[in-house]
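A single chain comes next, written as C-alpha cells; it is the form predicted alone.
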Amino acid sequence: MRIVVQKFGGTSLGTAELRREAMQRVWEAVDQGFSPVVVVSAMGRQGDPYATDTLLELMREVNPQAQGANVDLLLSCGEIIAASLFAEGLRALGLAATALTGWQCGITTDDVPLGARVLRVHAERLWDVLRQGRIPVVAGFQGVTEQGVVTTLGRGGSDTTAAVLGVVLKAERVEIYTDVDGIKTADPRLVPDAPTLQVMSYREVMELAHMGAKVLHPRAAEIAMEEGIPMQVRAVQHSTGGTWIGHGVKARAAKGGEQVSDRVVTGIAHLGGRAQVKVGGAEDFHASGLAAKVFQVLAEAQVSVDLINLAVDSIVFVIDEAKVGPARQALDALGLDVQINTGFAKVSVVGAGMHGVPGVMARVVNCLTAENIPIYQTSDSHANISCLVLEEHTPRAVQALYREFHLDSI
C-alpha cells in the first residue's frame, strides 16, 4: 500500500471553492495509485465561525482566564467539523471516506494544556479504514491523554499530526497544502517577488520556522527528519510545484535528481511582538545563584526566553510581549532591578551553509547599519544569525538582507 499523507491548512479550506480544490488534490493522489490519509485544520481564519481563534475568543468572552481541559475540548471542535465536512465532500465525488478524530486514530499525548506533545500512536483504526479501501480524514491538532482527556497540540499542531501519521504509517511523503506555492526566501508580504525554494533541508526549514516563518511547524519537520520522510509544501490550487524538504539525498530523489545549490543563506525570517528584558541588581549573578533563579521563576511562569546574554552583573533576554505581565510578576518577587521594553522584532538570516563560513555576521551588521537600523541584541547558531531590531524597522531590515544575500536569484 503506497500511502501519502495530505494535510490541508485552515486557509486552504476557508471557502467552498478552496475545499473543492483540496478534494481534487486527494482525487489526483488516488488516480496516481496512492492511498491518501487526509489531515485537516479548522476552516478559515479568526472571524470565520469555526476557526480556532474564533472559538478561543468565544471562550474568553465567557471567562477571560479560561484554561486547561475545557479550552482544549472546545478548540478540538473546529478540526472535527472540518474533517466531517471534508469526508462528506469526498463521498459526494464518489470516493469512500471516513472522518476520524485524533483520539479515534489512537494519538496519545501528555497532559500539557494547549500544547500537548504526542507520546505514541495506536494506528489500528487507521489501518482498518485503509484496508477497507476508504480514505481516512483525520481531525488534526488533537489527541487524548491516557486518562481520556482531550488535548490540543498547540499552534501549527495539524502539521505535527500529519508528520506523526506519516512516520507511523511509513508514508512515501507528507504533503502540506497552504495558501502559498511553497516556502519563500522571505515573507511575500514584505518582499512580493521573493522566489519559491524548490528544495530545502529539514534543518533549514526548522530554523526558518523557529525564527518566525509560518509555512510549516518546526516540530513537524523534526518528526519527519527523524525517520527521513520527505515532505512537500505546496499551494492547494496547483497540482505541481512547491518546496521539497528532506535530507540531501532524499530531497534530490524526490525532485527527480535536481541538485541542491551550495547557498550560504537560504531565507530571511522575522518574528514581531518581542520584548527585551534587562535584569540587574546583583554584583555577581553566577556566584549568588541568582542567574539560575531568574530562569527558574520564568519557567514556572511559563515564560519562554530567547536571545540570552548572561554577564556577571546583568542578564538580558527577549520574550513574547504577551508574557510581559507574568514575567514582571515573577522577576519582581526576586527583588532585582527589572527593565522591560516592548516594540521589538527578531529578524534572522537562515541557512545550513553558513556554518564555518567567515564574514556572514559582518555582512549582516554592515547591511543593517547602512540602512540606519540599530541592532539591540544578536544571537547565532550553526544555521542562523538573529538580530533584535525595532518592530517598525522590520520591513526595511528584511528587504535589505534579502538584497544583501541575493535571495532573488535562488
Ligand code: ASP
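We number the residues from 1 along the sequence you see. Nothing here was measured: the structure is a model prediction, and the numbers come from that model.
What follows is about the form predicted in complex with the named molecule, which we do not show.
Colleague: So in the predicted bound form, is the named molecule close enough to Gly156 to count as touching (4.5 Å, heavy atoms)?
Modeller: Result yes; Gly156 sits at the interface with the named molecule in the predicted bound form.
Colleague: If we define contact as a non-hydrogen atom of the residue within 4.5 angstroms of the partner, is Glu207 a contact of the named molecule in the predicted bound form?
Modeller: Outside the cut-off, so no.
Colleague: Does the named molecule come within 4.5 Å of any heavy atom of Glu79 in the predicted bound form?
Modeller: Output for Glu79 is yes: heavy atoms within 4.5 Å of the named molecule.
Colleague: Classify Asn384 as contacting or not contacting the named molecule in the predicted bound form by the rule of any non-hydrogen atom within 4.5 angstroms, answering yes or no.
Modeller: Asn384 lies outside the contact set for the named molecule.
Colleague: So which of 338-346, 60-68, 36-44, 351-359 is the stretch with heavy atoms within 4.5 Å of the named molecule in the predicted bound form?
Modeller: Single hit among the candidates: 36-44.
Colleague: Listed by sequence position, which residues of 124-147 have a non-hydrogen atom within 4.5 angstroms of the named molecule in the predicted bound form?
Modeller: Stretch hits: a single one, Phe141.
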